[in-house]
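What follows is a single chain, given as structure tokens, in the form predicted on its own.
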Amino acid sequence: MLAVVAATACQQMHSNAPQGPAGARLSLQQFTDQANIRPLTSNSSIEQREAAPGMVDSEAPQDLRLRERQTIPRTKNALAVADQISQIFSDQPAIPQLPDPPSSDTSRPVPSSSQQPVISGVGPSSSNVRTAPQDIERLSSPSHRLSPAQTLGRRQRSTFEEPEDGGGNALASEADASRPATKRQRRDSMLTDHNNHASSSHASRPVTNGTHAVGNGFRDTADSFGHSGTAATMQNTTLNGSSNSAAGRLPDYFGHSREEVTRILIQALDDLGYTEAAEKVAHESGFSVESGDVAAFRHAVLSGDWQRAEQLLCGSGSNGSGIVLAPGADRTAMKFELRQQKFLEHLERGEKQKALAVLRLELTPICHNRPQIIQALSRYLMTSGPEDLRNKANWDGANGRSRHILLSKLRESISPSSMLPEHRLAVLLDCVKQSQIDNCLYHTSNEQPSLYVDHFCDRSRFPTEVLVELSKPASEATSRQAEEVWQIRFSPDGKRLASCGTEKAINIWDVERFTLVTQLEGHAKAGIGDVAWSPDGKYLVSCGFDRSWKLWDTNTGECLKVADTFEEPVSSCVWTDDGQTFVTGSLDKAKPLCTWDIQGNCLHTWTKSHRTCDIALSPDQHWLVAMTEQKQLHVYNFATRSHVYELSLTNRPTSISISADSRHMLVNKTDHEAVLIDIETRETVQKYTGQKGGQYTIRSDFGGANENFVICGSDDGHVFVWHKITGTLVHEAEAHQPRCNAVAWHPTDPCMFATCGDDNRVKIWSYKDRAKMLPGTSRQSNGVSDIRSLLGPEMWA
């Protein structure tokens, strides 16, 4: 800034310089004579030097001259010094310079406004260059007019060069003035200055989270953001999530914030156990993972110092305004979490009077408009002891993980600039891997992608070929009329497959050997619409047109329980994750949805009346979705058993499934379309088209590694596979005649799925190389051959 002010002064003096006859400006010598400037000799006294502040200390280091790409040699003439100063100004008219490094002597006086201006940024140990008024007038010569403003970050070569023999100054030619500095000298200058900075006792140290003080010693560190003002005002600034040192001014890391990358790396090194390495990176870079106030807040929470934690949260820390919160965060809600933990810990220690005081004086004032919360907390005062308290509050106590859980919850409300989210690098790497998986068109690998290379799956391992057709022995098949297979389900471990349809029995197949293991017979009427395996694969529930459901032991084939109290057929069923209860859907409006235990007791009946054709339960046990024949979907909160919303469709749905992440539901419809719907927002995320719909039940499902695919049957007998994210049709093939009714992807083998149809066939699909290993006569199983022995174990790895 001072350089800009001095340059401006020179221009004004030049415009007011004495003029010769007819307004002509005086020559350099004439101007010198009129200014009556007396040259100084090398023997001039100290008083003379003080009187002529244009002199430069002869002790200026050599690295300074290299850094500035010009030298200011020892001189005998103050006029030459003024010329050099003028050239310095003209070289950098618009670049504010960093100040001299802060001295370790804090008692060093600050120059007053009455002192001569100091040109900063010349060098870390050089004397300040001062310009006397008579020397400033000297700069108004036409030969020393200021050059045009240059591009930020680039320096022009000085018109003054030190002669090789160390002699006096000479005025360089115009061509020399425009010659750029050599890159080698520029680089050496930067490296020399950097080393000086690193070893200097004046180097600034980190002060806050992601913050460090200004350091001088990197050349060309002008304000790259175009801010005006001197850099001297930027020393030792304390700001959360910001950097004030030269490191913060270095180039970004391939387009990423240097500060953010460094802080995340420090956290990752600490997570990996490389504590010493993390400390070294923090020390060298000047960045830290969290600010001092946040570190103190974290310690207060984990140590149970609730008063100190709340003080830091609300503003008694270093910045006086409290911890910086994330956008939308509620400081009052955070105080409630702290006080609730404090209340519970008092109760756990048996300090009921203190707990009651916290409830009345601290929790009640911030929950005055939510009395139900206070009522719920007050019930804990009646607990019989610590164990009873922990059970009723679903809380593991002060010595458990409760404080860490509390800190993680509070961390979500704190600005990342002050406190990084937990394990941030791991989260980002998971996002990178998932993105690569989502963009893999033929993703068939359950292994996590490597970070070393981009992920890619070859199409040759995508299941496009029929591996084997499953059918019952010929004697049994020919003794009956042509049957239809309506539904197929793999067991959770993928070792067995259940199929059902127009028969009275459920067929259980060994998938490894492709053999018929057993038949579960017992339904009074032909027609079994759905089956469901328990999570451990021990039980199977079947839903029949005989208006009953049956519970089977899959190992013995025994029917354990039966419920036949429905007025309409039981259409569908799903298991809860505890393996002890299941939910059935029925066309009976009086019992559209019922929850049962494995003893056959009805635990709950949903009262909303509708004819349920299919149901799905989210893996997180939060959503229960029922599909009706009236183009509607009913979405329930399974935990509270409340009806959340009703979604109307344009056409009748035929099946419904929920994704493994419990976020989306897949609905197949009769209008030749399957849709992916966000359960929370009710918005359609993706559509899958190409299949043929009809009046019969055609099922679709998720499948493949990471559920990357959507698979669906079709009324024309084809099977369709789309990429779930993009909706791209990956594969289409003829599967059954006249229609393909249901599909199921193998739960553990991403290179295998099954289909069934009206031709009474169940087909297993896989990739070509696996199919080629089967002899032609073995690709149709009659239920007795051991196909796995033909393939060999290596094909099933």
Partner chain sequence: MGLAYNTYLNSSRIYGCKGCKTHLANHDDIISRNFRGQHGKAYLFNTVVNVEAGEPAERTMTTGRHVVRDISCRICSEIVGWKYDKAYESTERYKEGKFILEAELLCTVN
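Source: prediction; values computed, not measured. Numbering follows the first chain given and starts at 1.
The same protein also has a form predicted in complex with its partner chain, omitted here; what follows describes it.
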query: Answer option from D270, E568, D597, D620, heavy atom within 4.5 Å of its partner chain in the model of the complex; finding: E568
query: Single option in F336, Y253, Y696, Y274 placed near its partner chain in the model of the complex, where near means a heavy atom within 4.5 Å; finding: Y696
query: Segment assignment from 574 to 582, 482 to 490, 400 to 408, 658 to 666: heavy atom within 4.5 Å of its partner chain in the model of the complex; finding: 482 to 490
query: Exercise: E629 in contact with its partner chain in the model of the complex, heavy atom 4.5 Å; finding: yes
query: Exercise: N741 in contact with its partner chain in the model of the complex, heavy atom 4.5 Å; finding: yes
query: Exercise: F545 in contact with its partner chain in the model of the complex, heavy atom 4.5 Å; finding: yes
query: Contact flag, V468 vs its partner chain in the model of the complex, heavy atom cut 4.5 Å; finding: no
query: Non-hydrogen atom within 4.5 Å of its partner chain in the model of the complex for each of G690, H718 and A754; finding: no
query: Neighbours of its partner chain in the model of the complex among 746 to 765 [non-hydrogen atom within 4.5 angstroms]; finding: D758
